[in-house]
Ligand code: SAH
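Starting off, we have a lone chain in the form predicted on its own, written out as structure tokens.
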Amino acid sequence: MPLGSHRMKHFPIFLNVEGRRIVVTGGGDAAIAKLRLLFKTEAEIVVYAADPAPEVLAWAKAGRLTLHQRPLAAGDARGAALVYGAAEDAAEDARVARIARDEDALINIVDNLHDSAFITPAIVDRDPVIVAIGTEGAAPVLARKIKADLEERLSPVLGTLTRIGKAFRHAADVLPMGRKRRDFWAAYYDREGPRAFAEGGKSALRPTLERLLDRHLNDADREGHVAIVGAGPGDPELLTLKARRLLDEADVVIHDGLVTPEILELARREATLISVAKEGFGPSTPQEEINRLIVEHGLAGVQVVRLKGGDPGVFGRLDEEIEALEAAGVSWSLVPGLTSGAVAAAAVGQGLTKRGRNASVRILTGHDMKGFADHDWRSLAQDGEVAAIYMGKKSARFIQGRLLMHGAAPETPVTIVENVSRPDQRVLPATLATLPQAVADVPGPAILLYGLAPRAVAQSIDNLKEAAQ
């Protein structure tokens, strides 16, 4: 079951066409464009065209393809790996498509997604590394842009590194499968291989692989490690580069329930994903069980990412997990993430602090009612104070009562930001007087920004105050 809700109409595969027949109908510009691409394969290429262009005739004469100067007929598509209808004539392409389907051949009609059984992606070629880019026919211009970006980013020597690496795979099989073997190949492709090629060219790659293999064979088994990583509020583009790298390297990802499917999709496909969801005032994974899981997997010698929504150090029970890891002797590291309060403030176009308004900001959790009872409500109730309140929906009436009791103005702005940074984010302006009613219609996780109104609303309030004066 995929993590996201999208279902692919076109499943991406790489088809083995070595020695198989690919049929192209038509001899004009569309056919020529396909033929230039197909010449990169090891397929037998057969063209049916009554009036082929000079280029097609020249390729046939050079033996690069077999040319039949007539239209495709019944029986011609039988056994073909692929058929391309490139006659640039709707009636003729439709006739070719019927023949191909009758003879169980996969058909692609150029520029006709609806009648095609397959589509040809945009391709970045670093043979034997091939990157295929598809948009299910929806945005070919975007596919070309992505192709151009990848062409710039992928090293032109990547193909050479891969060919030498492929020839060495059997030798590297002496390494145990899993982390140790992955580390070896990662070191070759990320660091040692490019450096060796830059210094000594292609001939330096095999000796580099041999030295690298010897080093990895003689290394002691790698110890387990737990990286406690902030996932931010939900938008995968707000992840740090370090967080993305660790997700790509992790063997096990132990994640909160609020971590979005889009972020979990960034984990290495072979990684084990373990949800330790917690629900405010509802069923939850006990913290003791979370501690046990991260320790257990860390001691098993694997690379663990403990993925927490927002920033691990803000209401994330970070210290309890670190203490459990240290008590068990498991190494750990910490990668901060963007905390939801800061991102919520950005969503309303406001700073959490502002010269002349507030020189400090409070970060509170409404989940801890007992702690709230001891809070310094008198100072927070003063004009101009700002607080980001996490998990405050169920305690909204309590918060309202405490602040009003200590002198806060009922018209003090409180902005509710639901599903911070996600596609379904909502910004709901309210006041202290209307807060309990406003949060009653908010089903998703939310941040309450006490003392802050959305920028446009805040400017309107300021204008009214100036007019009154």
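Since we're looking at a predicted model, the values are computed, not measured. Start at 1 with the first residue shown and count on from there.
Keep in mind that the form predicted together with the ligand is missing from the display, and what follows is about it.
Exactly one listed residue, out of R422, R64, H68, H406, brings a non-hydrogen atom to within 4.5 Å of the ligand in the predicted complex: R422. For the options A271, V335, L258, L380, the one in contact with the ligand in the predicted complex, meaning a heavy atom within 4.5 Å, is L258.
Heavy atoms within 4.5 Å of the ligand in the predicted complex map, among the stretches 323-331, 160-168, 84-92, 303-311, onto 303-311 alone. Of the heavy atoms in P233, some are within 4.5 Å of the ligand in the predicted complex.
Proximity of L449 to the ligand in the predicted complex falls outside the 4.5 Å heavy atom cutoff.
The closest heavy atom approach of V417 to the ligand in the predicted complex falls within 4.5 Å. P445 belongs to the set of residues with a heavy atom inside 4.5 Å of the ligand in the predicted complex. Looking at 314-343, the residues that come within 4.5 Å of the ligand in the predicted complex, counting any heavy atom, are V314, F315, T339, S340.
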